[in-house]
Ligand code: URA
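Shown next as structure tokens: one chain only, the form predicted on its own.
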């Protein structure tokens, strides 16, 4: 269907050409099944993953897909690109062109990338108000000091967008390596924040999104489907139980 959500009568009419008034009769005769149960209300909401059957005719049977990928550097976080290989090109799946990216990684960045065909799930993960942290490991050109920690925790003003970043957590691992946890993802945000100290980011690797960590066994370019538990739990925090 063209819209992600629609009333049942509009959906059935659009799929079959049956007059919307006639759909009432189909419901009364229990000829329409939604997710395996006879539909009873013409205004029942149908979304992109509702399984809808009229008699023996399947009107919709989309299945949600959720994948994690270990994105290598030098690959574009895009569905298509005329010059470079994309993360979609790395997938050996018939349904790969139905997927979209949940929070991109820059061309030279690597690590955990999520792909799905579920728009509501991806919006939930990328909305800053939901406070789902993304964890990155960063290698810098120059040594890192405690001044960085304070500056990141206070947020930084970006004049181009006229915004102040949300507080970010920076943990110094060694003189040239740090881990950064963000609740948002502004354009080149981490590189720009370190740029305030004139310190170039040499490598940027995303290690985790929410409760989901990148598996060490997943080699660069490889991907796997998420489990139902991972899909449900990725955005849970200690505050949400």
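Everything quoted here is computed from the prediction, not taken from an experiment. Positions refer to the first chain, counted from 1.
Below, we refer to the form predicted together with the ligand, which is not included among the displayed structures.
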In the predicted complex, the residue from 190, 52, 67, 178 with a non-hydrogen atom within 4.5 Å of the ligand is 190
Residue within 4.5 Å of the ligand in the predicted complex by heavy atom, from 204, 59, 26, 209, is 204
- Message: Please tell me whether any heavy atom belonging to residue 87 falls inside 4.5 Å of a heavy atom of the ligand, as the geometry stands in the predicted complex.
- Response: no
So in the predicted complex, does residue 105 come within 4.5 Å of the ligand, heavy atom to heavy atom? yes
**Prompt:** Is the gap between residue 136 and the ligand in the predicted complex 4.5 Å or less for some heavy atom pair?
**Reply:** yes
Proximity of residue 109 to the ligand in the predicted complex, heavy atoms at 4.5 Å:
yes
For the ligand in the predicted complex, the stretch among 182-190, 44-52, 31-39, 211-219 with residues bearing a heavy atom within 4.5 Å is 182-190
